[in-house]
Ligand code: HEM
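Here's a solo chain for you in structure tokens, the form predicted on its own.
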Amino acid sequence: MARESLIGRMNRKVFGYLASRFPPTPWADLTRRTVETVQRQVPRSHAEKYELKTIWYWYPLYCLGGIAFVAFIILTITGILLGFYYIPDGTIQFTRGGGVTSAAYNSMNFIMNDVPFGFMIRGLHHWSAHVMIAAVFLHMMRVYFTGTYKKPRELNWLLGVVLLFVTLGFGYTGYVLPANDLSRAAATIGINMTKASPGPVFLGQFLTQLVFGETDPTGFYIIRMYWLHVFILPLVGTLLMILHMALVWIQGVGEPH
């Protein structure tokens, strides 16, 4: 009996939490009808619900999430175009003059110099990444300082934190793909930081092998970063963004009082 009561209390807490943050009744407002039209309507904002006069200077702060999403779309399109020519092989090759190169670096030079508009596509991809990272960071600052991370939007805030780390992962994995000197330096720093993970020594070695595929930067990490950048992170990020925007649709936009 004591075990059943404990399970019953846990169920009440869990379902009480969900019911307080995702009440079933207000969802009907998502498909409410108006006199003029019967088409689907956007959920009412805080200002519309309470008939407040919104302050115009708040508006740009509420475009940051949309800016990040538009940047993600541009990154997806330009990334697909770059993927047609990029070779994810970072194996070090020595040139006749004693220099160091790789197939990944040569393919990047080919994109920049020989592919029509290749330098523009890569530049657009490069700067869109900067815009996305900045927009996501500023978006989270706006959410924090306007207090819209509080009840009932705690879950969406946690999703936003995870999306921030996914975005930073996009930036890092993309940064090492050109296989130039800066990329090799970034990969070396990442490998050394992962090997220095707190805990037993074998844990750092295991994480380094898992993320980079090697414990010393020889160029093999390129294929591992390529898979993370092109397949794994986009899948995770897209699913989380759909869930994130669905919660915004259900709970409405949290505007400042």
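Position 1 is the first residue in the sequence shown; the rest follow in order. Just so it is clear, the structure is predicted and the values come from calculations on it, not from any experiment.
There is another form of the same protein, the form predicted in complex with the ligand; it is not shown, and what comes next is about it.
Within 4.5 Å of the ligand in the predicted complex: all of Gly83, Tyr226 and Val230, by heavy atom?
Not a single residue of the candidate spot has a heavy atom within 4.5 Å of the ligand in the predicted complex.
Looking in the predicted complex, any heavy atom of Ala68 within 4.5 Å of the ligand?
Judged by the heavy-atom cut-off of 4.5 Å, Ala68 is in contact with the ligand in the predicted complex.
Under a 4.5 Å heavy atom criterion, is Phe220 part of the interface with the ligand in the predicted complex?
So Phe220 does not count as contacting the ligand.
Looking at the partner-bound form in the predicted complex, is Thr148 within 4.5 Å of the ligand by any heavy atom?
So Thr148 counts as contacting the ligand.
Exercise: Ile250 in contact with the ligand in the predicted complex, heavy atom 4.5 Å
So Ile250 does not count as contacting the ligand.
Of Leu164, Ala103, Val115, Ala185, which one comes within 4.5 Å of the ligand in the predicted complex, counting heavy atoms only?
Looking at the other structure, the residue within range turns out to be Leu164.
Within 4.5 Å, heavy atoms only, which of Asn156, Thr78, Ser107, Thr173 is in contact with the ligand in the predicted complex?
By the 4.5 Å heavy-atom cutoff, the listed residue in contact is Asn156.
Taking the partner as it appears in the predicted complex, which of 175-183, 86-94, 131-139, 107-115 has residues with heavy atoms within 4.5 Å of the ligand?
This holds for exactly one stretch, 131-139.
Could you list the residues in 211-245 that come within 4.5 Å of the ligand in the predicted complex, counting only heavy atoms and keeping sequence order?
Heavy-atom contacts to the ligand in the predicted complex: Met241, His244, Met245.
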